[in-house]
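Next up: just one chain, as C-alpha cells, the form predicted alone.
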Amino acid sequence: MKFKIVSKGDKQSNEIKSRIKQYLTDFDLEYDKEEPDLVISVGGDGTFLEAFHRYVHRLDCTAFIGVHTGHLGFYADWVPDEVEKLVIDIAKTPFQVVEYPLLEVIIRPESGTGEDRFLALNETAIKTAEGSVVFDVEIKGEHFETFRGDGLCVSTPSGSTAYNKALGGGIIHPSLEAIQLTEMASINNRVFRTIGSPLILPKHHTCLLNPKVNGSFLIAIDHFTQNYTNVKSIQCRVAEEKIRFARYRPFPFWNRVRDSFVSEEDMKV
C-alpha cells in the first residue's frame, strides 16, 4: 500500500509525521506523494481539509484518516498516544471504507463560458464586501424566494457541525445524502421576506443562486476564499463523488459530535 502524510507543520505534528513515516516504511509500505492509497492527516480539521483538497482528484482511489494534535479534530479518529497502534493497524489490517457525501459548487460567469466547479467537504459560504447580497433562490428549477442579507452558507452533512452550526443550522447525519442552506442575517420586514429557517435539500434537488445585483462576491469553498465578479449563477447540489474515510475501528458520528461539542462533565450531570 502507498501512503502520504500531510502535517499541520508545527513541531509536534512534524514529529508524529516522521514517526509514522518511519514505522510504515519499516513495514515495507511505500511513501508516495503523487498516487497514495491512504492519506494521513496530522493536525486539526484545517489540515484534514488541506489534505482533502490536495487529493480531491483521487477520491475514487484514495482514502483519508486523521491524527489530531492540540484541539480535538472533528475528522480525526486518532490521538498522538495511539500512533503505534495506528501504524500496526495500517500495516497489518485492511481498512474499512466509510463514505460521506460532498457538496458540488458550480460558479457560472455572465459570459457563459469558463465555469468553475468545486467540491467541498464542509461548506461553501457566499458573502460580499459591498453591503448585502441579493439572490433569487431557485430549488429544483422553481423560484423559492429572494434572499437579502449578509450571505448564505451551503453545507454538507459532515460540514453541518462547522460554520453551519454557528449560524444556527441543524446537524445532519452523513448517512443522509443532503445539503443544507442556511442564512446569514437575512433582512425580514414589511418589504423583504425570507423563509428564515435552514433548508435541507435531498440529493436530487439542485439549489441555484442568481444574483439580483451586479457586484463582487467572496465565495469560500471550505477554507479557500476567492473573489468573483460578473457572476451569473452559483449552483449547489450533492456531488456524485464522495470522500472515503479509512476506518480501523468504529467511531459513530453521534459520538464524534458529542466528543466535539459536549464536555464529559456535562455528560455526567
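Note that this is a predicted model, so its numbers are computed, not measured. Note that residue numbering follows the sequence shown and begins at 1.
One more form of this protein should be noted, the form predicted together with a small molecule, which is absent from this view; the next part is about it.
Worksheet item: Pick from 78-86, 94-102, 162-170, 141-149: which stretch has non-hydrogen atoms within 4.5 Å of the small molecule in the model of the complex?
Response: One stretch meets the cut-off, namely 162-170.
Item to complete: Flag residue 46 as yes or no: does it have a non-hydrogen atom within 4.5 angstroms of any non-hydrogen atom of the small molecule in the model of the complex?
Response: Residue 46: yes, in contact with the small molecule in the model of the complex.
Item to complete: Although the small molecule is absent from this view, report whether residue 203 comes within 4.5 Å of it in the model of the complex, heavy atoms only.
Response: Residue 203: no, not in contact with the small molecule in the model of the complex.
Worksheet item: With the cut-off set at 4.5 Å between non-hydrogen atoms, does residue 74 touch the small molecule in the model of the complex?
Response: Residue 74: yes, in contact with the small molecule in the model of the complex.
Item to complete: Would you please decide whether residue 54 lies within 4.5 angstroms of the small molecule in the model of the complex, comparing each non-hydrogen atom pair?
Response: Although the small molecule is absent here, residue 54 would stay clear of it in the model of the complex, with no heavy atoms inside 4.5 Å.
Worksheet entry | Residue (of 58, 212, 33, 223) lying close to the small molecule in the model of the complex, criterion heavy atoms within 4.5 Å | In short, 223.
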